[in-house]
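Below you will find one chain, with nothing else, as structure tokens; this is the form predicted alone, and questions on how it binds or moves follow later.
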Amino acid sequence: MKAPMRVPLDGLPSQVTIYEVGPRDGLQNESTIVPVEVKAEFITRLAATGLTTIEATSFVHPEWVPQLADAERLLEVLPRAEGVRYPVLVPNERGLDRALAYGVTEIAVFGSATETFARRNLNRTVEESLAMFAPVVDRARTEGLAVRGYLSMCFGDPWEGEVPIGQVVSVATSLLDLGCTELSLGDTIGVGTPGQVTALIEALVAAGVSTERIAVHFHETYGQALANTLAALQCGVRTVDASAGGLGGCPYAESATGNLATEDLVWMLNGLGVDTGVDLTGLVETSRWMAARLGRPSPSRVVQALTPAEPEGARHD
């Protein structure tokens, strides 16, 4: 089969926006440096599949994430497709300065729901990290930029264990109060389950956060990403983060495995009759192309299922 049978479920949105994070969140976790020309072609191929939001890179200090040290060069050579958004991650005001110099129109900041990860990732407490983000968000909004607030460790922390829902809601609403236009709830180590997802989203809604401002970001550590995504959609969420070919993890949390594969997400949504505007065949081809550049097969189940078996004895020159 090349496509699933379409059988819609009641209560789901008719359309979902896929926030593609492979070029940033995926490639930042690679052990080797991917050439800037390969990154640019990867993004260009992703845009050609119909993805309309592709997180391009991160303006972090090169010593923190050397895999993304070429952010400026990438934006210089990257062709911009009409109707496609290319947000970037910035950690602080210096990162914002760099992003603005290259005409970026959307940024993201990356916070933590737990103190331990905030210390390990940002070398700050949660409160101190919010204080660091405040001028970044304020300046970006003044410049007319959209600002996404990533919130990591929303469903569990490898050092602190279970994360209380009230704690997540408190930090999440603080991010939105700074002026963030969107909030991405991250299951950084992939331990969440559907009931937990539903409970957190319901708690956010009860705190006055509209589901239109909520996105979800799941990892496949325990194989729960699609189930958790479906739970979020049933709550009214309409933006889902995913990574082409299942690339990525988190360089600051060793237990975080790959992101939800965009192909796996699109297959499920196609079967549910939910529109994404994404060409699955083209997406699979793009992930296969990128996997070849990285020298390993894609972990995406859909990419594997739709990839023809090679003849026995085939050679790779």
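Just count from 1 along the sequence shown to find any residue number. All values reported here derive from a predicted model rather than from experimental measurement.
Just so it is clear, the following notes concern the form predicted together with another copy of the chain, a form of the same protein that is not shown.
Another copy of the chain in the predicted complex is not approached by residue 55, whose heavy atoms all lie more than 4.5 angstroms from it. With a 4.5 Å cutoff on heavy atoms, residue 299 counts as touching another copy of the chain in the predicted complex. Residue contact check for residue 42: none of its heavy atoms lie within 4.5 Å of another copy of the chain in the predicted complex.
Contact between residue 103 and another copy of the chain in the predicted complex is not found at the 4.5 Å heavy atom cutoff. Site annotation in the predicted complex: the residue of 185, 180, 163, 136 reaching within 4.5 Å of another copy of the chain with a heavy atom is 163. Scanning 131, 205, 77, 199 against another copy of the chain in the predicted complex with a 4.5 Å heavy atom cut-off leaves one residue, 199. Partner contacts here mean any heavy atom within 4.5 Å of another copy of the chain in the predicted complex, and among 271-279, 45-53, 28-36, 286-294 they occur only in 271-279.
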